[in-house]
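Here we start with a single chain on its own, the form predicted alone, put down as structure tokens.
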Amino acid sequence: MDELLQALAQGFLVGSTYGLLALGMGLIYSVSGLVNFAHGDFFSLGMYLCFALFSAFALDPYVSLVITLPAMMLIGAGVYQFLIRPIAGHHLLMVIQLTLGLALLVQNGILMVFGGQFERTPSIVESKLVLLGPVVVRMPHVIACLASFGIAAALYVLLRSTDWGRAIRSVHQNAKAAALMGIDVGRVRMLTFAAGLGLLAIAAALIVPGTPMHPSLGLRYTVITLIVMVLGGMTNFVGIMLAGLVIGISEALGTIYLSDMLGMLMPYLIFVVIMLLRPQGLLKAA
């Protein structure tokens, strides 16, 4: 029983960060219909930015967020404005190929600058543990979980109660009608893309303490993020967070109770089963 509780707690904490990663992709998809296949590699870039700032200035990853957040948002705005926007009206395959090219560019850029060895970024809370009865969890995971749900709640309120949120929902529902009502659709999409990468910067700072990093990690996070977003209903943010928990818990249970290969496959098997039973995802698209 203690082992089961430990697995459930670990999966819940990790799954909440998967949900945060998928929120960034879901936010971008909701206004542009764009699936960013470089999502995981931009997340990896955020992690390496934290590592670079720690190496150069001994900044804790949580502190370095004051630099990495605006930097990633500027990168996101620039990528959309100068690379994605000029071809956004063309065939969707062109945009997919562009984001795949960006993934390779970011991954190989990280490899050239930092090398191919594994790296890790320490934090002041890295070695601290939290005891919840028989369950022992790492403090960075607890912080990441609380921050993920807090950011998800703030994003929900932002989309429902602010002019920017209403503009996003208008573009999501009907971009042409939104343009006729005076909304700058291109600007909304650029800011949303920047916000999506900003969420990646936050997720990187939350996940990076003590986590081994390698330039090739981006593909894994892209796949996990896609699974969570599709499982959650694409644009349903509540569903996305719920899907993150499902994938995180299934991953933890598979790792403990199954062999190495089957344990690694468990999240994907769960995804296939749920999609066969509910093709629309856990919750319908918002």
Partner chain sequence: MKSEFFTVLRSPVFWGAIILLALGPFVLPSYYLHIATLTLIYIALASSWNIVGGIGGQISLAHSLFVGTGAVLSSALLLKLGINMWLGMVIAALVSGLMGAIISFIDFRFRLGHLSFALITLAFAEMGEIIVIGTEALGGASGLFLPKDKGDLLAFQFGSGAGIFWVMLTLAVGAILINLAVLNLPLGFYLRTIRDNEAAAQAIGVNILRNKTIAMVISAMFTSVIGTAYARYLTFVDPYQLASPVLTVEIVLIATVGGLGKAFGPALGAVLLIPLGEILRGKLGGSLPGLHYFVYGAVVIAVILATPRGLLPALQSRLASWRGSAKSEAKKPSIAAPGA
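Positions refer to the first chain, counted from 1. Remember, it's a predicted structure, so these values are computed and weren't measured experimentally.
Only in words, not in the display: the form predicted in complex with the partner chain, which the text now covers.
For the candidate spot formed by A7, L146 and F237, no residue has a non-hydrogen atom within 4.5 angstroms of the partner chain in the predicted bound form. In the predicted bound form, L226 approaches the partner chain with a heavy atom inside 4.5 Å. Though the partner is left out of this view, V246 does not reach within 4.5 Å of the partner chain in the predicted bound form, counting heavy atoms only.
For K128, no non-hydrogen atom is located within 4.5 Å of the partner chain in the predicted bound form, even though that partner is not displayed.
The partner chain is not shown here, but in the predicted bound form it comes within 4.5 Å of a heavy atom of V35. Checked against the partner chain in the predicted bound form, the candidates A153, L132, I87, I124 yield a single residue with a heavy atom inside 4.5 Å, and that residue is I87. Between the options A56, V66, I256, L219, the residue in contact with the partner chain in the predicted bound form by a heavy atom within 4.5 angstroms is L219. Residues within 4.5 angstroms of the partner chain in the predicted bound form, judged by any non-hydrogen atom, belong to 103-111 and to none of the other stretches in 192-200, 69-77, 206-214, 103-111. Contact residues in stretch 86-100 (any heavy atom within 4.5 Å of the partner chain, taken in the predicted bound form) are P86, I87, H90, H91, L92, L93, M94, I96, Q97, L98, L100.
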